[in-house]
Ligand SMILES: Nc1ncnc2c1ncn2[C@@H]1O[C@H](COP(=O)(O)OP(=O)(O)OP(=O)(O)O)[C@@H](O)[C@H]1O
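Heads up, the chain below is alone and in the form predicted on its own; it's given as structure tokens.
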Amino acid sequence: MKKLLASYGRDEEFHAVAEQIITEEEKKNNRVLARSLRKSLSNGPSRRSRPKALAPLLPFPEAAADFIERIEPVHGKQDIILSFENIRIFLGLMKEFDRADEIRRHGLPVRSKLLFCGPPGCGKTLCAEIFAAELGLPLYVVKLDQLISSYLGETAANVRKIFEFARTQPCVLFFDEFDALARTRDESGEHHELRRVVNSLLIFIDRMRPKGFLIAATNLDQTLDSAIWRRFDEVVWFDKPDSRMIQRFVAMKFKNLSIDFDPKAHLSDLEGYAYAELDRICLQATKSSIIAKRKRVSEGDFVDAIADERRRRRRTSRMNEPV
């Protein structure tokens, strides 16, 4: 309760502490109280924080122009569901960033190099976008198809240009599918050029002291070179959502729609799905109601959308089976 009162006025912290209290009541089997508290929390006024002013942009260097792309954020913190653990991590990172100068004056490092790991569709890219927006920093995404050159020696040189840019520009530099660059050097089939790239990458990350953040994301953390891990100040895991997070996500997707069923009755059917799959289910159910010219999304629409996603998963899993 003390933590709840102390966090009043700071939306993310307040919501995280309130959710912890509700979860504790559920564990004590005080389900009526927990349900009432959750309803009060969800019906409370939503106060969207004002976006911070963006950091001043330096002239865009021609050397890096072919390899990075500026992305304008279109999502806010109300569009993502994170675990309590990840909420705590990101709040800590934001506080560190706000007081970075003070921390450095004490001779201490500021966490600025992050590795996002987890299955596809669990919010890594979306989180990078929202994180940049909340910090008021421009988001630059590395274009791996341009970066990885077919000419020997050029890929490492291209990587150097990107890191030089991030060293001078306060920004969030985002490497998606990072495993394409940082694959383990132990694989016997790998070309010497890839090993050279990984060696260069290790040096660049080690020496880099970004004015913003370097974020790398991967779905295949088991393929990363073992030396990569210690180069990052923080590793954030994005797991598939649990039942509580699924419930919140589905409620968010149907927030502005009329539905004639209780999504909680279908939670067991949604377990094990990533956010991208849940999003597809909700969108398909909504489109079905529109096509049928109904004002409410029916339970049949939702059940059919779940069946379609189950069919898709079953067929794609067969395609990924080893021959």
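Everything numeric here is computed off the predicted structure, so don't read it as measured data. Residues carry their position along the shown sequence, with the first being 1.
What follows is about the form predicted in complex with the ligand, which we do not show.
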What stretch, of 228-236, 138-146, 91-99, 117-125, brings heavy atoms to within 4.5 Å of the ligand in the predicted complex? 117-125
Answer for E26 alone: is it within 4.5 Å of the ligand in the predicted complex, judged on heavy atom distances? no
Since only the chain is shown here, I'm wondering whether D242 would be in contact with the ligand in the predicted complex (any heavy atom pair within 4.5 Å). no
I'd like to know whether M252 contacts the ligand in the predicted complex, with contact meaning heavy atoms within 4.5 angstroms. yes
In the predicted complex, is there a heavy atom of the ligand that lies within 4.5 Å of any heavy atom of Y275, even though the partner is absent here? yes
I103, I203, I80, I71 - the one with a heavy atom within 4.5 Å of the ligand in the predicted complex: I80
